[in-house]
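Quick setup: one chain, the form predicted alone, written in structure tokens, and binding and motion questions come after.
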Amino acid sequence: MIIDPIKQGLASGWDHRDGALLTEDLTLEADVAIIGSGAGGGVSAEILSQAGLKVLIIEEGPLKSSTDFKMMEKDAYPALYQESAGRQTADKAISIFQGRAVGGTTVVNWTTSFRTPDRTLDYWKENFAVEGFSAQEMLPWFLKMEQRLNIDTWKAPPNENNSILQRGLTKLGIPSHTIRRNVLGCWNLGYCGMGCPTNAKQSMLVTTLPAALNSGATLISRCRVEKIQFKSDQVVGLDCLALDASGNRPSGTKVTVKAKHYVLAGGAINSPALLLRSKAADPNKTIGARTFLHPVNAVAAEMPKRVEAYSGAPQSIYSDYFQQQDHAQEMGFKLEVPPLHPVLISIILGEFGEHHASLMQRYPRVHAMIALLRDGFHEQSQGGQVKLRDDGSPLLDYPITDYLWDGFRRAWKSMAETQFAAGAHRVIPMHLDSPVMGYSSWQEARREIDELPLQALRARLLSAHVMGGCAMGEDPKRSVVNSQGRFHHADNLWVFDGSAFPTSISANPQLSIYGLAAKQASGLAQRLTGTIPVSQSA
């Protein structure tokens, strides 16, 4: 029997309010109000509540639990993802996958866990005047969160999808490594992206949020923060709208929040969008700027035997060989593989009618590889700008420069060569001008990939790692918050999420957000109480 800790907690008396069930306007008060319950909000909630502070967590998405997770894409994407997994950049060239539920993206990510690379931390200090984030200063926070969330090297054999990546790289003499994951008692099902049905994934949903609620925190779900109310250099309240049962439309009920301090942890895109919607002070136009994606392109391959890329730990092997280069040189990229469930692979493969049916008939033997581009470290890679639509909802304008296109082309070739080295019969770069049946040799692929037009909407591009938009640093002309996460223009507003990163991470970012939030929230707890919770002191 699988125990559902959320149902148990609710039965024990957790203070949870469902915005969809409110029948009249409501005012809530707290010492600290946290906007968002993902990696940044969850960690902050646990630390601040255990410091003895009255914490209120406000989440736009619904409260779901393992009982609701049925390993079905048709249910998971509308319920657990931003814009039903249909979020895109302004020109629709890049699809963006972000979580939208209590626990945020940690509920639907693939559990891959990397510390922030040392050279990224060095780059922040040298180029963005970020203080207190050296490798030595961050080490205790990473160690603390790794212990808290059971992050460890995956010890089971990789599934065939990951093994193909490993075999191909080994054949080419390129090093690969085993990924660390935040799981405990994993059943190796492979459906992490649809919510873990066994609670093995150590997401915020089953770790920090229950701890915060057990310490007296209040959670309100299906409640959207519309505006932050500013008065002089202080935040004086939040204007929120309760959502209806669909979780998408306001119900007409208003929620007002009053707190001494406010932590913004809605994630990149949503956090800067809320500041823009609230008309926060922005004399240097830094809010929403430098938003990064780790833009992803992909190559599918038809293998001689069944791959069954929908089964087993989604990601367990990676290679950083192609991003071990100087910042001023070519765009670097990280190689990983994605899980392939029917809807996702249908989107990646594209095509229509008979062509699409032919591709899907080969689905069990399809392997796919992805390259995550390391954006933010070059003058031609300055990221995107978060803007607002007419209705106030966020929109990311992310230009694809020649520098990024060159990275995509080199990544297609590196992935195709690796797949052929692993024994692929055919490879298909995810580009509308690739032949439906793909290329049958590495020589053909190399020649033809050089001819693919580098145009938005012809290449199929994805992202699941959104970062930046509220960059931290000591220079207000180039940043939104200081190195402690405090908004430059309000003394009681803090940003503790991935939007504070000045560049992309160069690695899957969840552990970087955990480490940042643990450091910043502990600093805030100490500032407000004079002590740091023993369980979280580094």
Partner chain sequence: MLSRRQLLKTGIAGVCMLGAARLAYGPFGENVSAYSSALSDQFQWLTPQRANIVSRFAPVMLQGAIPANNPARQQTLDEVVYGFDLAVSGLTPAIQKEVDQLFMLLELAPSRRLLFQVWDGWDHATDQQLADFLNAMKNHPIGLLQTAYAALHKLTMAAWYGNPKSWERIGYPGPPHHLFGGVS
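Numbering follows the first chain given and starts at 1. Computed from a prediction, not measured in an experiment: that's the story for all the values here.
Keep in mind the form predicted in complex with the partner chain is missing from the figure; the text below concerns it.
A.B. asks: Do all of Lys125, Thr207 and Leu388 end up near the partner chain in the model of the complex, with near meaning a heavy atom within 4.5 Å?
C.D. replies: No, because Lys125, Thr207 and Leu388 lack any heavy atom that approaches the partner chain to within 4.5 Å in the model of the complex.
A.B. asks: Can you tell me whether Pro435 touches the partner chain? I mean in the model of the complex, with a 4.5 angstroms heavy atom cut-off.
C.D. replies: Close contact is absent here: in the model of the complex, Pro435 is far from the partner chain, nothing within 4.5 Å, heavy atoms only.
A.B. asks: May I ask you to check whether Ile2 falls inside a 4.5 Å heavy atom distance of the partner chain in the model of the complex?
C.D. replies: Judged by the heavy-atom cut-off of 4.5 Å, Ile2 is in contact with the partner chain in the model of the complex.
A.B. asks: How about Glu137 - does it come within 4.5 Å of the partner chain in the model of the complex, if we only consider non-hydrogen atoms?
C.D. replies: Glu137: no, not in contact with the partner chain in the model of the complex.
A.B. asks: Mark Trp187 yes when one of its heavy atoms lies within 4.5 Å of a heavy atom of the partner chain in the model of the complex, and no otherwise.
C.D. replies: Yes - in the model of the complex, heavy atoms of Trp187 and the partner chain come within 4.5 Å of each other.
A.B. asks: With the partner chain left out of view, choose which of Lys260, His356, His177, Lys227 has a non-hydrogen atom within 4.5 angstroms of it in the model of the complex.
C.D. replies: None of the others qualify; the residue that does is His356.
A.B. asks: Looking at Arg249, Arg447, Lys285, Lys305, which has any heavy atom no more than 4.5 Å from the partner chain in the model of the complex?
C.D. replies: It is Arg249.
A.B. asks: Among the candidate stretches 233 to 241, 89 to 97, 103 to 111, 406 to 414, which one is within 4.5 Å of the partner chain in the model of the complex when only heavy atoms are counted?
C.D. replies: Only one stretch passes the 4.5 Å heavy-atom test: 89 to 97.
A.B. asks: Within 260 to 287, which residues have a heavy atom closer than or equal to 4.5 Å from the partner chain in the model of the complex?
C.D. replies: Sequence-ordered list is empty.
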